[in-house]
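Next up is one chain by itself, shown in structure tokens, the form predicted alone.
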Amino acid sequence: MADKLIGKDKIGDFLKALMSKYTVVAPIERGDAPAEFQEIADGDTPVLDGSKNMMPPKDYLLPRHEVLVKIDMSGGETKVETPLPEDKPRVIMGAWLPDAQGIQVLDRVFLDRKFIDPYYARRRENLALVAVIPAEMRWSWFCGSVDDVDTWKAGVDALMYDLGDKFYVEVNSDKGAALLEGAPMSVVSDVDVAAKDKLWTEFKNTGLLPFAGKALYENLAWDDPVWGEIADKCIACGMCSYMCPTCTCFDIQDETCGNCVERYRCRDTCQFEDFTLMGHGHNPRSTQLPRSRQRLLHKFRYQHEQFGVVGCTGCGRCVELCPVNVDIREVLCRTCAEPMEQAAEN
């Protein structure tokens, strides 16, 4: 599976060839709002170089609103329908590599052997992932501090490196090689390989923090005072969860429309007050402190215990977009830069 080059002036032809075989999903600009992953059509100009802020691709795999069951009781007969998404070959292109890794986290949650979510599975089936390393790293990224990013390449079928007027396309699977068949590609040179390697090294070293390489799940303390400090600032807007490529929480509701009932799920977050509110009125997380603690412990401890993955990819969206400037990097530096027993001695 040889790596290839494609000039940016050939991307339109490449996309047209892909769309003849696959449904192509890529980020489309929306003015001042972050780009959003959508199924593209002829004439669309997706953002494939990773240069723009964008919604995470999980919005395509795990929609913000999705009908799970329809019950039609008209005409004296009850009909139950489970509207599963259409099963067809798809390609997600232009996702940042940390977002592509986020899909690997979602896979562990929704495709776990104990339970397979049929709605997520339909969208994930026959899906090829083509991620991107942009020419300039985002200031908020700290990917190399939370995980070994070299292992992330195995989770994508191809990886595009922005080398200015061209992309270096690194092929990582047979599925990725199939995407490039017949594409207007050229052979890479030693100079191209060196430029690609330099960009990869820059990505690996962007945002390296004192806790890089640490087992974060071993160092997060339940009673750390930092949770209270976060809670004092947090306004529970949910921005950090809604923009996160790995957060999976949702609520399920029923809605009646005449003789029809729809059961749907919609995005939710553990940062909302009513997320753990029980039917009889008890709420085990009635204040913001346990909710703030839950978000971090879930990402760095609970998901590791359950699925063996880190629930944060260092994409930095929560850093950039938090309206009260709660910086997860600062929190992790304080709690995880040194082992707990060493911190206790100090």
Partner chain sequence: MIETTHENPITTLPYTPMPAVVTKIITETWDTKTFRAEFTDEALKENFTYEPGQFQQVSVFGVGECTFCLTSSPTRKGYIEFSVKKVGSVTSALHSMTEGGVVGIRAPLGNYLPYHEWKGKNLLFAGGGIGMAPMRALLNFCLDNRDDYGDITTIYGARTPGDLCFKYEYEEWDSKGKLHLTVDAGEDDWKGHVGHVPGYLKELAPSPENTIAITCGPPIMIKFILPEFANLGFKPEQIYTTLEMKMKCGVGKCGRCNIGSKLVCLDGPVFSLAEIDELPPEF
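Just so you know, these numbers come straight off a predicted model, no measurement behind them. Positions refer to the first chain, counted from 1.
Heads up, the form predicted in complex with its partner chain isn't pictured, but that's what we're talking about next.
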query	finding
Contact label in the predicted bound form: residue 217 to its partner chain, heavy atom within 4.5 Å	no
Residue 45 within 4.5 Å of its partner chain in the predicted bound form, heavy atoms	no
Any non-hydrogen atom of residue 191 within 4.5 angstroms of its partner chain in the predicted bound form	no
Partner contact for residue 225 in the predicted bound form: its partner chain, 4.5 angstroms, heavy atom	no
Residue (of 90, 153, 175, 265) lying close to its partner chain in the predicted bound form, criterion heavy atoms within 4.5 Å	265
Listed residue (261, 163, 209, 128) with a non-hydrogen atom within 4.5 angstroms of its partner chain in the predicted bound form	261
Its partner chain in the predicted bound form: contacted by all of 117, 256 and 278, heavy atom 4.5 Å	yes
Interface segment, criterion being heavy atoms within 4.5 Å of its partner chain in the predicted bound form, picked from 163-171, 179-187, 94-102, 243-251	243-251
Heavy atom within 4.5 Å of its partner chain in the predicted bound form - qualifying residues of 295-320	302, 305, 306
